[in-house]
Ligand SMILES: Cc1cc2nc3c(=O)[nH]c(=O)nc-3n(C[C@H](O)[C@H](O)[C@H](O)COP(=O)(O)OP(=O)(O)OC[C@H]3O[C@@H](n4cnc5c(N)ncnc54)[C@H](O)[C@@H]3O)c2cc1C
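The form predicted on its own is given below as one chain in structure tokens.
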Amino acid sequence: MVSEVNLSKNVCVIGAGPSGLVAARELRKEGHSVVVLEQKHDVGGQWLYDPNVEEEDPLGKNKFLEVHSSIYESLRIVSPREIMGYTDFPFLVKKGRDMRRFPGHKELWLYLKDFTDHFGLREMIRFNTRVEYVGMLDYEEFGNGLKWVVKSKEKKHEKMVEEVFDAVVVATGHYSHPRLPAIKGMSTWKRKQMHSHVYRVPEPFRDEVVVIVGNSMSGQDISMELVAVAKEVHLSTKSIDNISVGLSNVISKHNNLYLHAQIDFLEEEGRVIFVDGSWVDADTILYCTGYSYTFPFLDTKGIVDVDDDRVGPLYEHTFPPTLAPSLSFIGIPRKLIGFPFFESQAKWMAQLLSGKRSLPPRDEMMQWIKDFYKSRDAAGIPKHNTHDIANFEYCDRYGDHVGFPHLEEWRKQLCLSALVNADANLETYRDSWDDDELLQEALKSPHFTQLGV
């Protein structure tokens, strides 16, 4: 439903990363008063590289992490830059900067800074401010009158600031809090264990025997980086029969890189035993096992919780039915073209708060959630992958809620082309490709010509 009502709200956005920045912009477009609370000294969220990880627990077990970014020094983006920009602000090549199609992380951070400055968002952001608590005011009264108490601390001062908002947007990202496996002997293993969240450079692992758990993109990247300095690198994966051609080719090229099945257990003095009975005496175990959703500041009296990385109940991965639209989550979904999707989430949320649009009745939203969970279970998708979308059609249907344009065909095809290339050519896909015709089509599209460039 669409109406011309405009109800200006006082809104708190938590996080100034890709989802928080676009949420702030869309909220202001709708006439809302916006405060963005950001725990770090600048915008960017995950893309604000932090080399200083000494104060962080190596396994990331603290409730509130000292380090937010999980980016390592050499990281380059895994998607071509052409597909990554917001719809009205393309991720352009700029002279004097990293001009590669798959640039390093700093270039994407600079893009987010450009976006912030272009749309004048910085004035809404309070930096070095950590949110300690978000809770409902008079939580027994659900509905339009619901208000939120937000308590935050500025880094230099211990004084807690308490404020009341009409709505809260949680945009804290999902690549910070380490997800760890449960391996027998982990708690008593005496040597070095760490999660990739705190990995930055290869030098500390020189001449070591390193076991890397997980062959995600980060696991593969870090393995390829460590073979140049480590004595041996042992990559442990759930299925040794289901690895990509690209990874297989990399392993065949290096005589100190080995592939193993899952770890069965760890012996206290350093031995790592795999399920097939093989073993290695390791100096370090590096867990590249992904990240968990966590909202340590959020108190919804049990209405929203995280169960094995399923954040719920959330209608369309965004709105808890009994608290919407005064509470929303932007940036929960994974395995999609993120920036345009976050933009569509932000537009919908902002227009719901201004009264231009309305959500279905709560029972309909709850039924959608139940049906969605049932479909994921039927497809054999683990609960912890609930928010892994990997579906262009879903993104397009989501956009229909707010009249957001469907993903351009070239954007979809460039995404798929990069995935296929990475699967076959793991070491070279960021620098060698065969999608030039698609690239030229993209560069001639309105997305890139809208700014007169």
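In this text, all values refer to a predicted model and were calculated from it rather than measured experimentally. Numbering starts at 1 and follows the sequence shown.
There is another form of the same protein, the form predicted in complex with the named molecule; it is not shown, and what comes next is about it.
With the partner omitted here, the stretch from 35-43, 380-388, 416-424, 396-404 that lies within 4.5 Å of the named molecule by heavy atoms in the model of the complex is 35-43. None of the heavy atoms of Trp410 is located within 4.5 Å of the named molecule in the model of the complex. By the criterion of a heavy atom within 4.5 Å, Arg271 is excluded from the residues contacting the named molecule in the model of the complex. The named molecule in the model of the complex is approached by Gly173, whose closest heavy atom lies within 4.5 angstroms of it.
Within this chain, Phe342 lines the site of the named molecule in the model of the complex, having a heavy atom no more than 4.5 Å away.
For the candidate set Ile369, Val306, Ile243, Val78, a heavy atom within 4.5 Å of the named molecule in the model of the complex is found for exactly one residue, namely Val78. This chain appears without its partner; in the model of the complex, the one residue of Thr116, Gln351, Ser218, Thr284 with a heavy atom within 4.5 Å of the named molecule is Ser218.
When contacts are defined as a non-hydrogen atom within 4.5 Å, none of Phe89, Ile125 and Gly355 contacts the named molecule in the model of the complex. With contact defined as any non-hydrogen atom lying within 4.5 angstroms of the named molecule in the model of the complex, the stretch 247-274 contains no contacting residue.
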